[in-house]
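Just the one chain here, laid out as structure tokens, in the form predicted alone.
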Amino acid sequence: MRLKDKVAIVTGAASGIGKEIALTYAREGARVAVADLDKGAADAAAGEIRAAGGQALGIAMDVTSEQAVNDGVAAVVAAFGGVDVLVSNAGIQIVHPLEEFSYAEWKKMLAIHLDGAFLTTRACLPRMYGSGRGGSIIYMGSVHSKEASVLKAPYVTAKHGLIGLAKGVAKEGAKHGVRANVICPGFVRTPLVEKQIPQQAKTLGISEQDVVKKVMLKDTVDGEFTTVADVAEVALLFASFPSNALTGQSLVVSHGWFMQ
């Protein structure tokens, strides 16, 4: 088991990519804190892990609240004895032309993606530094961490910002054995993406089928969606990698949509 006896916190883990990462980590021996805004859904996902023989805890966490993040991380430490892996995955999407974004929507997007990443990182780093075991911090970026798309200016801005944050954490954390990396998935057919399809169809004046074929997947090598399992495998790699040789990096998992 590649994560035996490790403690992992995964935010936004009650569904979609976060849930798949939590399930994968548990299968690999980690004790997993399923953190989510929806406490009931977090408890249900944690229960699913326990039913399969893993160890998990559901945590209510609004990643934009300093108090909620600090309390949530403290609860994980009290239950499991520390933190070895943080996956900052919680996120939302709002799709508009830039001139139609309200300032409140702009701030909400940056708060969830960037403030949430900062607050969870800041809460976990002292535990990782103090343990003597080091740790791994993983940010859920996107192909939009590398490449822009129309209608998503705040999202693209936030996802680009995560790469800068990871590089900074990688530099500061190195002497403590703490690594920081970014996963950059292509389109994964999660509820977040499903919601975008009719929104983009309406805004662009095309069919939902054309949104999928001609917008979302047009630049992939095979016209396929990335899967939650694809992303979870990369999250496992970053979490279990044994040294600072792999830090400050961003890995694109997108069926070739973006090639570096």
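Computed from a predicted model, the values in this text were never measured in an experiment. Throughout, we count residues from 1 along the sequence that is shown.
Omitted here: the form predicted together with a small molecule. The next part is about that form.
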Checklist entry - If contact means any heavy atom within 4.5 Å, which of 23-31, 205-213, 49-57, 189-197 contacts the small molecule in the predicted bound form? => result 189-197
Next on the checklist: Does any part of residue 159 reach within 4.5 Å of the small molecule in the predicted bound form? Heavy atoms only, please.
Outcome noted: yes
Checklist entry - Any chance residue 16 has a heavy atom within 4.5 Å of the small molecule in the predicted bound form? => result yes
Item to check | Close approach of residue 83 to the small molecule in the predicted bound form, 4.5 Å, heavy atom | outcome: no
Item to check | Interface membership of residue 92, the small molecule in the predicted bound form, 4.5 Å heavy atom rule | outcome: yes
Checklist entry - With the partner left out here, if you bring back the small molecule in the predicted bound form, are 72, 128 and 177 all within 4.5 Å of it by some heavy atom? => result no
Checklist outcome for this item: Residue within 4.5 Å of the small molecule in the predicted bound form by heavy atom, from 124, 76, 140, 166, is 140
